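Only one chain comes next, encoded as structure tokens, the form predicted on its own.
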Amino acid sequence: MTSSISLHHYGRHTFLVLTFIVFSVTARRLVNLKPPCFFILNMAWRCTGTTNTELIDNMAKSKIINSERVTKAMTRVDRACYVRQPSAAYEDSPQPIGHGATISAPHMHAHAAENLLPFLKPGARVLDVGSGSGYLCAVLYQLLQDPGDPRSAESKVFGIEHIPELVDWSLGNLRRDGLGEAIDQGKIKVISGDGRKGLPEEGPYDAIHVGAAAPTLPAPLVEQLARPGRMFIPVGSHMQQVLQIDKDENGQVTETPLLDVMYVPLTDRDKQV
């Protein structure tokens, strides 16, 4: 379901003058932006590589990826297994995956992984809402693995996607990428359902990623955050921001704006397809 590209959030002011292309439900649409977006977007989209390793290295050089853990995890996940056109797998851009859905640009997945990293530890439970191709489920799973930590065996990643055909396709993608055993052991589960309601029976979650924009913050997802826990979620209709939602040990919730973005909406299946 996911589709995204980052804009630039500068203090309280968003600058909108540069033109860039973003994938919509069925086609690309032109959106006008302003400097200093040009530098930020240009650096992100110039991360395109000819191989998976080169793509990840370029994001590290551009300071989109700042941690060795994220570098290693994303290097272990071959994006070519999760796109419809493998020849374009290492482009740093969103791509259509069918059924009115897309896979987000790699730099947005990197932003999400970096942001959630403090909560992605062996033994954690993680929810990916709008899991689409399964790509980020794979990255999140790799981030929960540490050969020296026995708690890694308890780690679980749950994907929820409201297009059943994408659920089946994503499970095949994960198996092609060498994660069949993790699926068979229940360490990665992808389920068809309404992501706006989360997956309460498997929670609470140490980290939640949402790959589509909700018009307002979904209360069920906040409720399913662990104490402590963090959610990375785009919110808004016309103008959207990625929000960092933190819940502390006492259940206190705080919101921090991170990025201005353009995502497909978190919506009903019938409205998407």
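Owing to the predicted nature of the structure, the values given are computational and were not obtained by experimental measurement. Quick note: we count residues from 1 along the sequence shown, nothing fancier.
What follows is about the form predicted in complex with S-adenosyl-L-homocysteine, which we do not show.
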Item checked: Pocket accessibility after superposing S-adenosyl-L-homocysteine in the predicted complex (3+ atoms within 2.4 Å of backbone/C-beta) -> blocked
Check: Every residue in Leu116, Ala207 and Leu258 with a non-hydrogen atom within 4.5 Å of S-adenosyl-L-homocysteine in the predicted complex?
Finding: no
Next item on the list: Within 4.5 Å of S-adenosyl-L-homocysteine in the predicted complex, counting heavy atoms only, one of 102-110, 199-207, 144-152, 70-78 shows up; tell me which.
Entry: 102-110
Notebook entry, point to check: Heavy atom to heavy atom, is Glu165 within 4.5 Å of S-adenosyl-L-homocysteine in the predicted complex?
Noted result: no
Check: Can Met262 be called a contact residue for S-adenosyl-L-homocysteine in the predicted complex at 4.5 Å between heavy atoms?
Finding: no
Check: Should Ile160 be classed as touching S-adenosyl-L-homocysteine in the predicted complex when contacts are defined as heavy atoms within 4.5 Å?
Finding: yes
Note to self: Taking S-adenosyl-L-homocysteine as it sits in the predicted complex, is Gly193 in contact with it (heavy atom to heavy atom, 4.5 Å or less)?
What the structure shows: yes
